[in-house]
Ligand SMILES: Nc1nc2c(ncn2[C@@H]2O[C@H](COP(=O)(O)OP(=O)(O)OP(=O)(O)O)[C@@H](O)[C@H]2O)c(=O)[nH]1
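In structure tokens, one chain follows: the form predicted alone.
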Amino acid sequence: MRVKIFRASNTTEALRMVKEEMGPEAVILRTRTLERSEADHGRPGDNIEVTAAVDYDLEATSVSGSAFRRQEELYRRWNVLEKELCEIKDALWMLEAGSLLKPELYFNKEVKDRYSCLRGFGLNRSALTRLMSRSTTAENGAECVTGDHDFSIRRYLLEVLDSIRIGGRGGKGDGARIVSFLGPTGVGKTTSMAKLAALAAVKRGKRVAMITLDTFRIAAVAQMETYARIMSVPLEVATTREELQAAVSRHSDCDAVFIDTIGRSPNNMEELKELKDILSIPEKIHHYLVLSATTQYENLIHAEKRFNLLPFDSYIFTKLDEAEDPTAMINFLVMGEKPVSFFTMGQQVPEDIEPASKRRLAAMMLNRNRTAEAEYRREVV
């Protein structure tokens, strides 16, 4: 218990002092009028002395309760701020929609709902412009279910997926038994090649050969030799076009030949031209552009533009397991002119690779949409 003495000019003031310092739970133990000799030792005009006490547990509870009330007020203000930010975000979306849509479409509820849904998938301005420029379902006279949120999600999800090309997996069906793996440094070209070579050689029993052009990275050849030994397939090393042609010719009886290349910076056009020269052999090569799903959209566009010098035939996207938000990849594929062939999501060879599919893309987009929607609902509550 904490005990304290308060002195004031009157009882009302003394009780106010007790309440302010010790809280409403304080107990008054004694009240007395000061004699003149005692009052002279205090402040001028102090005539009343009040002795008050409060239990330590009650005091702690009072402080805790006060802190809780302050915390509640902070949460309330924070929620109000979040709600206002969400309203600002929605207003900006609608402003953006106004710049993309024709005036007669902007005031069409279904068109605005379609825009909001596509925007909810994380599509950027370029992808939205491409999709919104197409005629809507309502304009085509198709039956529309209004007010059904899940229906809208499915309908517009299919619209996004229809704009993405899947395929281009090389092989004899595409007129090429030779495939190469191009791309920036560190995106997973060598591992992707090893996975596809292992699937062909070990899982399907095909005759496979591997060729590496990467003599630049430390231990790159040793890594390829390890893969080749485990899979029991031949490995060749080439550094010039003539050496590559000779290596390909030595394995003309193979069902598939996989060529690993040196990672090149999209900013170094001279190195890209050198790589193009090495790969310029008479045989048809299906070139995969290997990109990481963790790369920003602008950098994906930049890489595609520069590596198109070779040119490539389809994409492989790696590190799907490391990409928290797939929207950069989705936007890129919506805008891309080439198909996506494979997805990889780990380091295990050959398990962590699969043919690209719209099912996988849909799962990633819906997961992203649910997360964004949950955050939105939490903000406005």
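Numbers for residues come from their place in the sequence shown, where the first is 1. Keep in mind the model is a prediction, meaning the values are calculated, not measured.
FYI, the form predicted together with the ligand isn't displayed, but the following is about it.
- Within 4.5 Å of the ligand in the model of the complex, a heavy atom is found for not a single one of 130, 162 and 357.
- Among residues of the shown chain, residue 335 is not one whose heavy atoms approach the ligand to within 4.5 Å in the model of the complex.
- At the 4.5 Å threshold, heavy atoms of residue 214 reach the ligand in the model of the complex.
- In the model of the complex, residue 346 approaches the ligand with a heavy atom inside 4.5 Å.
- Interface residue remark: residue 295 is not counted as part of the site for the ligand in the model of the complex, having no heavy atom within 4.5 Å.
- Considering the ligand in the model of the complex, the lone stretch of 325 to 333, 47 to 55, 338 to 346, 24 to 32 in range is 338 to 346 [heavy atom distance within 4.5 Å].
- Only one of 185, 268, 232, 240 comes within 4.5 Å of the ligand in the model of the complex through a heavy atom, and that residue is 185.
- When you look in the model of the complex, the only residue of 223, 124, 299, 116 with a non-hydrogen atom within 4.5 Å of the ligand is 223.
- Contact annotation for 315 to 337: residues with any non-hydrogen atom within 4.5 angstroms of the ligand in the model of the complex are 318, 319, 321, 322, listed in sequence order.
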